[in-house]
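This document starts with one chain, in the form predicted on its own, laid out as C-alpha cells.
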Amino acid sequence: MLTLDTDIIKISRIGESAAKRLKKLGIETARDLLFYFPFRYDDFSHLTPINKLQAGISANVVGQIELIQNKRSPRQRMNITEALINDGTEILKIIWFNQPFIARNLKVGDNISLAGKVEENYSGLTMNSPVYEKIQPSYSLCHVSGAVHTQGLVPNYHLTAKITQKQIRFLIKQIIGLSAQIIDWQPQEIKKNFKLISLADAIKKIHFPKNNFDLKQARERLAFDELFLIQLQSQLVKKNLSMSKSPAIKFYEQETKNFVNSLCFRLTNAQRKSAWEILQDIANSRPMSRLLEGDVGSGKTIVAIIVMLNAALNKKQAVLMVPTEILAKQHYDTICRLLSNFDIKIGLISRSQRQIFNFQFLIDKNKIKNQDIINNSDIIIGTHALIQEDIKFQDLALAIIDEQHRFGVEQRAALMRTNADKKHGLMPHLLSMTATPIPRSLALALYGDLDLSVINEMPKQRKKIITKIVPECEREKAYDFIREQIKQGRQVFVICPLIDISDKLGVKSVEEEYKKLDKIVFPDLTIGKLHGRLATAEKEKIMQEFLDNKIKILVSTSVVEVGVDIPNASVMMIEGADRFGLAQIHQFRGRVGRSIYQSYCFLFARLDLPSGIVSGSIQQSEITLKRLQALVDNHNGFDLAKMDLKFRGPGQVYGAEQKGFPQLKIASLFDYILMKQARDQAVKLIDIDPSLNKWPNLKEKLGDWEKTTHLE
C-alpha cells in the first residue's frame, strides 16, 4: 500500500531511470512528489469551436479524428504525423513532428482534446505539436471530465532531462489521494482567523485547480505556511536572545568624538545615526543582534571601527570577520592607521599572515600561533575561519561579520552560543554587515531576528561612476578607451556570466574572453582570470597581483562582486549585462570608483536583433534596454533593487550564487501584508508558549523545516 514515505520507484509507471531523473529534482518519495509544486499554469478553461479560432492564440479544442497518418519529409529528413479534427463547426489540421507513435496511439473515430498554439500557413489554420489526450465521446463544447493535460488550469513544473510535463502530471494524479495522510500542522485558530483551507485541500488544489478560486485558496494557504515558518524561526531566536545576557559596553563619548574629529572626512548623517543605534544597543546587557546595511562605498567599515573602539576602551575583545585574506589585511592596515593614537592592540589572523599591531612580542614572530594573537589582542581581524577553528577568545564582547555570504538564522544563533562566556553566562553582541542593497521591507522579512540599521547616503567626496550601455558596433571604441585608461596607470575589471563557453546560452565566458583579450585585443598587457573553480590560494594570489598592479585587466565571474578594494581600478566592463540583476550589476560597479579617479562602467548586452526576429524577442530586448538604462540614470542601490524586484525574483536580482534568500515554492517575499500577518501570528504564539509544546505538530514541522530549508 502506498504511503507518503513510499519510495518513488514503487509508484506505478516509474522505472529505475525515471526514478533517477526525479531524484535530480529532489523527488525521492511520494511526499516529495506531492510537494513538488507547479510554477505556472496554462489556462485552457474555455473550449473554443474550431470556426472561432484565431492565429497566434493558445486554445483548447475538442473534436473527432477524421484522418491520421504518418509521412516522411525527404527534404528535412523528419517524420510528420498529420491529422484532421472535426468538432462539428469546422475541420482543423494538426501536425506533430518526429512522433510517429502518435499515429499508433490514435485512430480515426477517436475523440480527442487538444491544447496548443494556433498558427496559420498557406493551407489555413493549424496546430503544431499540441498536447493531446483521448476523451470519452462528447456532444457539446463543455468541460470534459478527467482531462488533465489539455483542459482547465493545466499545471507546469520545472523539469529535468527526459521527464515531461505529462509524466509529472500523470504521476501526481495517481497519488493525489495520499494528500489526506498529510498532517495539518497549522494551529486551528490560525486557520480559522485567516480562513485558510486544510493542507490536504491545498495540495490537491495547487496541482489540479478546477478554477481560479481554487488556485487562490491553495496559494494563500501554502504561501502563509512558508512565510509563517520563516517568521516563527526568526522570532524564536529573537525571544531566546532577549532572555540571554551580554557584557554592557559603556559609550566613551569624548574618546569617540576625538576619533571622529581626527578623520580626514566628515561622517554622513546616516553613518552617525547607524553608529549611535549600535552604540545604544551594546550599552545594554541584552545581546545586540543587528544588521548594518549600506550601499557599496557608503562607509560601513568606519561605523564598525567606532563600535570596536568602544569595545576595546571597555577592555573587552572585538572581532571583525571578512570573506577573504586580502580584505582582512586591508582592513587590518586601515584600522591600525586610524587607531594609531590609541593604546589598542590589533591582531590579524589569516591563512598566511599572523601579526599584532602595538604589541612587543615576547616570542619568536615566526612561531606565533593563532591563540597567541587572540590572547594578546583587543581587536582581531580575520576570515570566517576564526569561528570554524578551535579558537578560544579571552573576553569576546562584540562579533562583527562582514557578510560576503550571509549567515542564516541558525548560523547566527550558533555563532553567539559558540563564543558565549559560559562561566558568566554571557554571549557577545553581534553585528552583521552587508553591502547588498536589500529594501527595508525585504530585509525585515528575511532577517526577522535582527534589528536593522541602514546607511542610505553616500559620502560627498565620492564621484559618480559614469555608466554607459555600449552597442556591439562600438566595442572597438570601448577597447581604445580602456587602453587609454591603462596608459594613465589605471586598471580594468571585465565581468562575464559564465566560466566556460556555452553555445546554448550564447553568452560570454571568462575562458573565452580571457583568450580573446590576451591573444588578440591586448597582447601586450598582463591579463588575469578569476572564477569560483580556482582554489582559494590561487584566487588570493591573483587578487594580490591585481592589487599590486601587476595585472592590468582582470577577467572574472561574479566572485568579485564583494571583495578586495582596488583603488586604482577605474573601468568596470560587464559582458552579458542582461544576464545579471540590476542590484548585482550595481555591486560590480561598486568595485571601481573607490579613489579620486573618475571611473566608468560599460554594459554590453544582447540587444542587436537579427533579421526576422519574432515580436516577443523585440519586446524582451526593449525590457532589457529599459532595465539597463535604469543603471545609467540611477546610482542608488536600494532604488535599483526595488525596480528589479518588480519583475524578477530575489535570486535573479542578487545573483544566482547569492545566498541568504529562502527557497520559497509559493510565497513571495514581497507580499508584505501576508508577511506581516505571518509575523504577528508567530509573535502571538511565542508569547503564549515559546516552547511550542501546545502545538506538537507545529513544533515537529518547524524542526523538520529547519533541517531542510537554508537561509544562509
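Because the structure is a prediction, the values reported are computed rather than measured. Note that residue numbering follows the sequence shown and begins at 1.
Another form exists, predicted in complex with a small molecule; not displayed. Remarks below refer to it.
Enquirer: Partner absent here, but in the predicted bound form, which of 252-260, 235-243, 373-381, 299-307 has residues with a heavy atom within 4.5 Å of the small molecule?
Expert: Result for this chain: 299-307.
Enquirer: Of the residues Pro471, Pro100, Gly532, Pro459, which one places a heavy atom within 4.5 Å of the small molecule in the predicted bound form?
Expert: Contact with the small molecule in the predicted bound form is made by Pro459 alone.
Enquirer: Just to be sure I understand the contacts: of Glu90, Asp565, Glu189, Glu277, which is the one whose heavy atoms reach within 4.5 angstroms of the small molecule in the predicted bound form?
Expert: After the contact test, the surviving option is Asp565.
Enquirer: Against the small molecule in the predicted bound form, would Leu267 count as a contact residue? Criterion: heavy atoms within 4.5 Å.
Expert: It does: once the small molecule is placed as it appears in the predicted bound form, Leu267 has a heavy atom within 4.5 Å of it.
Enquirer: I'd like to know if Glu513 sits close to the small molecule in the predicted bound form, meaning any non-hydrogen atom pair within 4.5 angstroms.
Expert: Residue-level check for Glu513: no, no contact with the small molecule.
Enquirer: Quick one: is Arg354 in contact with the small molecule in the predicted bound form, heavy atoms, 4.5 Å cut-off?
Expert: Looking in the predicted bound form, residue contacts with the small molecule do not include Arg354, since no heavy atom lies within 4.5 Å.
Enquirer: Indicate whether the small molecule has at least one heavy atom within 4.5 Å of a heavy atom of Asp295 in the predicted bound form.
Expert: Yes - in the predicted bound form, heavy atoms of Asp295 and the small molecule come within 4.5 Å of each other.
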